[in-house]
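The form predicted on its own is given below as one chain in structure tokens.
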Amino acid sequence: MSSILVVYASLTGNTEEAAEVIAAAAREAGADTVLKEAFDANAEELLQYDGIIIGAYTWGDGELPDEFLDFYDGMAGLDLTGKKAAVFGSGDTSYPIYCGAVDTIENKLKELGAEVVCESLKFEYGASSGEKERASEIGKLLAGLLSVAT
């Protein structure tokens, strides 16, 4: 059975809700899925899973949230070659850089060798019903890709 780690940082619960939708969909599609808040996770755990899904809200002018920084810094030097990944997160269009944390995480995953398998999901504040459906599709997509690969 393929395994997926979903790691997220959420301030108001919006990103957490999307993470829960993604994890539930991945489980439903047959993947052994673990859901963790970033401050309860260690970046080296990424090496133990076939798939990685990371989500964070964007803080200030496109920055990673403080509670995500230790996890992000811990990713430095990891070799994620062969890992399939996806990224999601919330933001606020009133700032000049919309969902900048999502872009930062996606770039880091690619830099470390992971294959980002779909366009990152970005949503303003809470995910709409359509965005929740897309979140569900991300979980199912990654689980499906991993089941084919194993």
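For every residue, the number given is its place in the sequence shown, counted from 1. Model, not experiment: these values are computed from the prediction.
This protein has a second form, the form predicted in complex with a small molecule, left out of what is shown; the following refers to that one.
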Exercise. Where does the small molecule sit in the predicted bound form: which of 44-52, 110-118, 29-37, 87-95, heavy atoms within 4.5 Å?
Worked result: 87-95
For this session: State yes or no: in the predicted bound form, is some non-hydrogen atom of residue 14 no more than 4.5 angstroms from a non-hydrogen atom of the small molecule?
Result: yes
Exercise. Is residue 57 close enough to the small molecule in the predicted bound form to count, meaning some heavy atom within 4.5 Å?
Worked result: yes
For this session: May I ask you to state whether residue 66 is within 4.5 Å of the small molecule in the predicted bound form, using heavy atom distances?
Result: no
Problem set entry | Partner contact for residue 70 in the predicted bound form: the small molecule, 4.5 angstroms, heavy atom | no
